[in-house]
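Only one chain is given next, in structure tokens, and it is the form predicted on its own.
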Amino acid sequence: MEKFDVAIVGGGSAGLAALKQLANLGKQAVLLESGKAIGSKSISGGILYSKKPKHGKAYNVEDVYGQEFVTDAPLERPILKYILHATSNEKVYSIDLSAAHSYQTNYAYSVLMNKLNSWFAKQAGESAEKYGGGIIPGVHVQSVEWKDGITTIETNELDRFQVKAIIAADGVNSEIAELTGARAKFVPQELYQGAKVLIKLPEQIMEKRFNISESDGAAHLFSGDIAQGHIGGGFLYTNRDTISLGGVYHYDSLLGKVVEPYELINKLILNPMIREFIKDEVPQKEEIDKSLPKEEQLRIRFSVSKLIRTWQDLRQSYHSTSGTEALINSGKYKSREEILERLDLIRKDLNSKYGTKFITDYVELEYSAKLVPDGKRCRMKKPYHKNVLFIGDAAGRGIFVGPRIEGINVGVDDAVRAADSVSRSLDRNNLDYEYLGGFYAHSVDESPYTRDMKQIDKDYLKIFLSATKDVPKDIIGSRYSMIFKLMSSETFRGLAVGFANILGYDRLLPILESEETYNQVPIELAEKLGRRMTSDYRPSIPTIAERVAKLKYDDDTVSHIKVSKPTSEFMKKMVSLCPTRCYSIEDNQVVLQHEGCIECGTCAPETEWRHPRGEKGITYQYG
């Protein structure tokens, strides 16, 4: 039987950071990933942070991959602006939270996880191979067994093999946690459901529209009526030439007021401010004359599609400094003006020869969804079981504190602590469960992120309240206006936060995270202080069927999900809450069509939920 020092399960950013850190420490490790390629199943909103806490040490991505990370990695845009918008119908009231965003932050970049994790995998894989390890994609772990002091892993695809330790980085619905009995499944009260669409927008158009430069970006958050009565809100992040637009809502809130995830995204898209943010010039094909011979119809369809693709690609380059330079340096064009002439010519051909119109609309590239853990509620107090260490989402560790949402950097921090703990045990030839796990648990407890999951940071609160200083306190309801007035006193704020931290988040959350704070107060702000936004076009929003049709799957004939309670009220709600409508009701029983599953895990509480077998299931292009 083959033997390895460490097995890491899960090829997301946390698992890859653990692999890289173990290699940095000269240790042998293999990483098992069920996807066909690393990054193909990774999803994030997403913003990657590097932090500089006032108390304690946070391990950042550059600590793992080197100080050249920012210049070498495929990052999108540095996020320098962070704006919160309160919405009510067409009215919007905006608050600049950039100071809160930059608090204790070295930098923050928007990212697309497929691209970034592929880069992480190359660095981590090459380093791991030097010590007899590496990355094995297309592998799904089936069981973990302990016998006579030996740990054995069995997969669907490989022969059984032995390891000395395991790092579980297999996400919020960790199968390793379930297989080992390390923890129960997370319940809806402990989770958020996030859904997003990726929208195409040329670089320079984006920069002008968002008032950003070529070397920076912006994040916009949305609360109020846009949340349709749910606890949570929307986000919009500028990438290099795409926009990440979506919403993150408390799962328990969604169960209380059932709504399709894509309808929450549609609500965002229909907001006039967001409509103006995402609009673009879009070619609209004319119907082909059905009386023409089939061969002629096919020729026209092919010609139109080819010309539109050429126009789109050339336009993307024209609206990008680097893209324009590449075209000129290639010798295809002599100047930017010549590129524009070519664009106009293609446009005229499309219009005159094929009747193609150019309208104002927006372009969706990809739809995705996932569950994310709320560390305030579900972080594992004991993030290990025997010789298995849990990191990131698998350990229930995510930061949701009002507008502050962080996950990738928390997983990287966990990964370093787990790798360091395993390395220490290997060096001292002591794999005793409590020696390994106890040291790791203590290290995680010392993480500044754990502190953030347990306590209110009065300095962060002060910055947040300073951003709202211009809000008249008498218009946001008596319950909260008094709190805001009192909190404006630094002395009272220090006493109040100290008392609140003694009470703990559990007692505060019903007040801090309520429909009133996420919906009613923002609606009042927008109604009384907001400016009216207008937009003169109606977006052509794809149906959920059209969104799913764009996704790529390697279909498995064997379903990875089994419905445990087909008549339960929870499963009936899955008919609406499943992001891709995999569930329906037949004869009063909920039935599953697993082929459209995007593996978000929303249905996990009352199903036998597994990741698909190796290489099967969803394959995201962007993430």
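Computed from a predicted model, the values in this text were never measured in an experiment. Each residue number is its position in the shown sequence, starting from 1.
The same protein also has a form predicted together with a small molecule, omitted here; what follows describes it.
N409 within 4.5 Å of the small molecule in the predicted bound form, heavy atoms = Contact check for N409: yes, within 4.5 Å of the small molecule in the predicted bound form.
Using a 4.5 Å heavy atom cut-off, state whether Y237 contacts the small molecule in the predicted bound form.
-> So Y237 counts as contacting the small molecule.
Would D413 sit within 4.5 Å of the small molecule in the predicted bound form, counting heavy atoms only?
-> Flag for D413 set to no.
Is there a heavy atom of A18 lying 4.5 Å or less from a heavy atom of the small molecule in the predicted bound form?
-> A18: no contact with the small molecule in the predicted bound form.
Among the candidates V141, L268, I79, V521, the residue which, in the predicted bound form, approaches the small molecule to within 4.5 Å (heavy atoms) | Looking at the other structure, the residue within range turns out to be V141.
Name the stretch: of 289-297, 524-532, 377-385, 400-408, exactly one has residues whose heavy atoms fall within 4.5 Å of the small molecule in the predicted bound form.
-> Single hit among the candidates: 400-408.
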